[in-house]
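We begin with a single chain expressed as structure tokens, specifically the form predicted on its own.
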Amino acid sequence: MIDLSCTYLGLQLKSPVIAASSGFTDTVQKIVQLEKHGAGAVVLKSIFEEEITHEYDKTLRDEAENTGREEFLDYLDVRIRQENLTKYLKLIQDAKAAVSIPVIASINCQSSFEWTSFAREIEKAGADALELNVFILPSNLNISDGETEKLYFEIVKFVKEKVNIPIVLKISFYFSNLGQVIRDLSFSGIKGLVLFNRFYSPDFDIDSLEVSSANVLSYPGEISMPLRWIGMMSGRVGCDLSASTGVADGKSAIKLLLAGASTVQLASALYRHGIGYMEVVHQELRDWMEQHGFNRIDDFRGKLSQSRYENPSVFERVQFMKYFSDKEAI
């Protein structure tokens, strides 16, 4: 009998396929449906530090006559943060009461400031773990790469001082020495790393001559980045690795599990196909396991990781020389 159960962050999951932070995890009704269709866990839609700051600035503009009063500014800051936090805590509490699968809270953060105190309230509300989605675009020419990387460790340190629940860090691949950063973060006291987060990318509308957004949803080819890095880092880190971006179907999930991922996170696939697509992914996974004689996830997890593969150099190849030399000249 095929058993899809696994552990992630020390939590018991009935499946390694979990719902990533998205519009599908922002209400209890959707979360209930995700559990019904087999999700092993849900990562709640993030509470955004950036959105709170934006709301604060907008309210300042709307109530300009009061902006010169220091006590009003202090009140406004506290009020907006508290309103956002109260809504989020209720979502956690209601979700925990409605489902039996792990509920992982998420904070999308840019700094290590006092907002990390939210983490303590999130733990009290009953969240099983906390995912910190951190992306700092390395575009400030006045800040060194070392200073940027240091901020990630500061965020972990601040949050760890406030909570006892497992902490997960969701990062990008924008580092000068990505392998070293992944390794060092994995031993910083966190329980998991998500490779990789998805971020806003600008595009140009050549008719209106305006800047717009591009590639809002991930596409299957984007699996290459998490596949390579999970494959290379599996067995060399001190925490679980979760895969995100490019998880388009059951085959994608299988590949990432073979690389060594503890879990895979779906978001874009759900936007394209709906919540019920969870069942399709699980069926593809079960069929493949049965075909290859695997009864449990751990029977094949990491089987094709660099540390276990007979030709580990293929993970570090950066050129296509062999591929193109094998093709006939046109």
Ligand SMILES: Cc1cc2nc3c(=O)[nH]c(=O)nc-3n(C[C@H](O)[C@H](O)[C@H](O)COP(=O)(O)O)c2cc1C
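These numbers come from a predicted model, not from an experiment. Sequential numbering from 1, following the sequence displayed.
Quick note: we don't show the form predicted in complex with the named molecule, though the next part is all about it.
*Asks:* Could you tell me which stretch in 96 to 104, 176 to 184, 150 to 158, 217 to 225 has residues with non-hydrogen atoms within 4.5 Å of the named molecule in the predicted bound form?
*Replies:* Contact-bearing stretch, as computed: 217 to 225.
*Asks:* G235, S262 and Q306 - do all three of these have some heavy atom no more than 4.5 Å from the named molecule in the predicted bound form?
*Replies:* Negative, none of the three is within 4.5 Å.
*Asks:* With a 4.5 Å heavy atom cut-off, would you call G246 a contact of the named molecule in the predicted bound form?
*Replies:* Close contact exists here: in the predicted bound form, G246 approaches the named molecule to within 4.5 Å, heavy atoms only.
*Asks:* Considering non-hydrogen atoms and a 4.5 Å limit, does the named molecule approach A20 in the predicted bound form?
*Replies:* Taking the distances in the predicted bound form, the answer for A20 is yes, it comes within 4.5 Å of the named molecule.
*Asks:* Is Y271 close enough to touch the named molecule in the predicted bound form, meaning at least one heavy atom pair within 4.5 Å?
*Replies:* Flag for Y271 set to yes.
*Asks:* Does S242 reach the named molecule in the predicted bound form if we count a contact as any heavy atom within 4.5 Å?
*Replies:* Heavy-atom contact with the named molecule at 4.5 Å: absent for S242.
*Asks:* Between R301, H37, K45, H282, only one gets a heavy atom within 4.5 angstroms of the named molecule in the predicted bound form; which residue is that?
*Replies:* The option sitting close enough to the partner is K45.
*Asks:* What residues of 191 to 222, in sequence order, lie within 4.5 Å of the named molecule in the predicted bound form by heavy atom?
*Replies:* F196, N197, R198, Y200, V216, L217, S218, in sequence order.
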